[in-house]
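Only one chain is included here, represented as structure tokens and corresponding to the form predicted on its own.
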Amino acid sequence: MRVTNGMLITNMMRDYARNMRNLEKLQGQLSSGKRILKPSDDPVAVSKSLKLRADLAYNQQYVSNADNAISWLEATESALKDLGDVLHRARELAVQGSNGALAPEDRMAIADEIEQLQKHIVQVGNATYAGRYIFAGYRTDQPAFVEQNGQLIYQGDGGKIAFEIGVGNRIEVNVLGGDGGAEIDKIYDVFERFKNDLRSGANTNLDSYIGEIDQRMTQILSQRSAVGAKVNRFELIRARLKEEEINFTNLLSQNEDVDIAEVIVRLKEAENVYRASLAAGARIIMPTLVDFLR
């Protein structure tokens, strides 16, 4: 086959373009730190990266859910602690009030303090987290309790709010303010009757309120214990999720990132090849007639 000048030039330009593309790819890898610049570089690795990124996104969302759940539970635990403190003080007052030697003005003073504790109970019962009423079940957009004619009316429902912290793994976090929960309305009722008896003087035997307050304290302690156990569980789950996040990030890095030292060596090699192709091309292109006339 006869080799023409045009064939030499065409081959030179093809090799020159290939060396240029190789140089550009290595420069891109070095500047980005990524081995895969476009899907065609490694379709299998791209598919694996997509899966890892999806897993990482899910994991980060579960961590966020765990953080929110812990914050919710801590707000609930704080509210339950307040209720416990109120009950402790009420019990002290009940013990004091059961003393038959109390003067009428002393009973009125105790009744006034019980009334203030009642108001605090309403405030705690309508405690919020991020603008949501924590004791209202699903009805978190409205106050859980409202005072009406000497009664505390529960406006929430029996909804159980749960946070997802894994595939098919949901944990309930909210404590109901009504029956089966903190039963804050019943605490209010005990205080209402206790206060009225103190003021009216009709019932001089106030010992029974000590037992009722103890019963309410037991209910609050039970709920508080359950909340504390859930906080511990969420913290364990969060720690595991953070470990998985590190694992996913390492796998993603191994799949996508380049070995910088290796790329630098290959880039230097490609640069030498590119320069050689330019030098060879300069010799392949034949001189023109003008060059012979010089």
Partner chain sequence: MRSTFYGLEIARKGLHVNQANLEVTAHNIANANTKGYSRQQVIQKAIEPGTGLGLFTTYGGYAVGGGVDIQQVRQIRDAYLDMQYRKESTALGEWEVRRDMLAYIEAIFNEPSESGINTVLNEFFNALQALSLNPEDPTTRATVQQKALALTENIRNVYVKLEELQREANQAIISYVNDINSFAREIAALNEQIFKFESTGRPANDLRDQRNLIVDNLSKIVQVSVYEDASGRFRVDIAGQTLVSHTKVYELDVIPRSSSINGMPYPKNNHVDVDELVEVVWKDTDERVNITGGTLKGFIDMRDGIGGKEQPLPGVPEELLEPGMSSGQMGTSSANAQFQPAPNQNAEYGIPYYMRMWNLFAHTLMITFNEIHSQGYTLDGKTGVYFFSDGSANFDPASVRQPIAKFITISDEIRNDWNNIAAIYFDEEDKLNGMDPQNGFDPTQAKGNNKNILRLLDLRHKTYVPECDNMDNFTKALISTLGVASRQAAHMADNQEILVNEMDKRRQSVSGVSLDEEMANMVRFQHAYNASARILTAIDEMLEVLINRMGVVGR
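The structure presented is a predicted model; accordingly, all values stated were derived computationally and were not measured. Residue numbers count along the first chain shown, from 1.
Although it is not shown, the form predicted in complex with its partner chain is what the next lines describe.
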| said: Contact check in the predicted complex: 101, 196 and 240 versus its partner chain, with a cutoff of 4.5 Å between any heavy atoms. Do all three pass? | reply: no
| said: Partner absent here, but in the predicted complex, which of 112-120, 160-168, 84-92, 216-224 has residues with a heavy atom within 4.5 Å of its partner chain? | reply: 160-168
| query | Do residue 142 and its partner chain come within 4.5 Å of each other in the predicted complex, heavy atoms counted? | reply | yes
| Exercise: residue 41 in contact with its partner chain in the predicted complex, heavy atom 4.5 Å | yes
| Heavy atom to heavy atom, is residue 275 within 4.5 Å of its partner chain in the predicted complex? | no
| request: Evaluate residue 236 for contact with its partner chain in the predicted complex, applying a 4.5 angstroms cut-off between non-hydrogen atoms, and reply yes or no. | output: no
| message | With its partner chain taken in the predicted complex, which residues across 70-84 come within 4.5 angstroms through any non-hydrogen atom? | response | none
